[in-house]
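Quick setup: one chain, the form predicted alone, written in structure tokens, and binding and motion questions come after.
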Amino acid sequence: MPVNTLDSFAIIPTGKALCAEIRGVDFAEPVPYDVRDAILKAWAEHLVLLFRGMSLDDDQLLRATEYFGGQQEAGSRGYFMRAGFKPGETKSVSVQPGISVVTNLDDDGNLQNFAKAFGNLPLKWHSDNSYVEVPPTGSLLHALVVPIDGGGETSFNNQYLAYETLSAEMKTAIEGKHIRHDGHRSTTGTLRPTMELPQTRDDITGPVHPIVRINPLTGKRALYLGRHYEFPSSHIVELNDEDSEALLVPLWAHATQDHLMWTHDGWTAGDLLLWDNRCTMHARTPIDHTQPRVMHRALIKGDPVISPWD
């Protein structure tokens, strides 16, 4: 059966709190409007979509972002360029601004020691690029090389349900409140180039976003926590230091409960994951540093964050 037709299009839900596999679509070929609309509808319902068997070059991966709003340059790229790195000199600054290379190989293609490689370390729960003023709407992650039983399982959680299942007292406590998001550190917690460890909240210069945001695709409310580092990073601006942490700690515990989660624990080369950064968070387990892992990510152009109380 031909791909990229409504007859070939199929949705297979995971049965978990989020995610469905989509079959009958190939982003290497043009996707007509009716199929694109079916993908958007499935995305709105399931938050994370899995496509298998994709063989895409970077141009095709970037073209796929156009079906969902266009591409956006990763915020981390700017840190490396301000540190003097040029496009193509390092995997951290790819030749194409819209592509991020996620790998445990060094710039010469050699495997890196576990402790020294961002590509091997576990990633904390986070929403991509929450530390920029207009975060990306979504992300596309394409697997090129994956280890065999070598870790890198990627988990997602449903932040619509996280908000909906908050107690009435907690919903009242967060009403009207905002988090300042810290970009000093990567998702592994390591400092970015040229950055120094923040000592006070005045050292945090990232944007302020509401703790709850509205997804314009669905009109629904979702918790929006970004990422949680040791204080003073990512604090609630309306509260003092102690009260900020006292509220954030139980919020994070609630938002990352197992029943809100789905895990992609069977990565194969050609897998493509699409997720909505406005209503999900994700995390990754460590990678076996003796096996290569190479993935390319493209971010989908973001919309200004919509607050439910502005």
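All values reported here derive from a predicted model rather than from experimental measurement. A residue's number is simply how far along the shown sequence it sits, counting from 1.
Omitted here: the form predicted in complex with a small molecule. The next part is about that form.
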Contacting member of 126, 181, 213, 178, with respect to the small molecule in the model of the complex [4.5 Å, heavy atom]: 126
Of 301, 297, 16, 23, the only residue with a heavy atom within 4.5 Å of the small molecule in the model of the complex is 297
Would residue 71 show up as a contact with the small molecule in the model of the complex if we use heavy atoms at 4.5 Å? no
I'd like to check something about residue 282: if you look in the model of the complex, is any of its heavy atoms closer than or equal to 4.5 Å to a heavy atom of the small molecule? yes
Would you check, heavy atoms only and a 4.5 Å threshold, whether residue 92 touches the small molecule in the model of the complex? no
Is residue 102 close to the small molecule in the model of the complex, meaning a heavy atom pair under 4.5 Å apart or at it? yes
Given a 4.5 Å cut-off on heavy atoms, tell me which of 274-282, 237-245, 30-38, 49-57 is the interface stretch with the small molecule in the model of the complex. 274-282
Check for me: heavy atom within 4.5 Å of the small molecule in the model of the complex, for each of 165, 174 and 221, yes or no. no
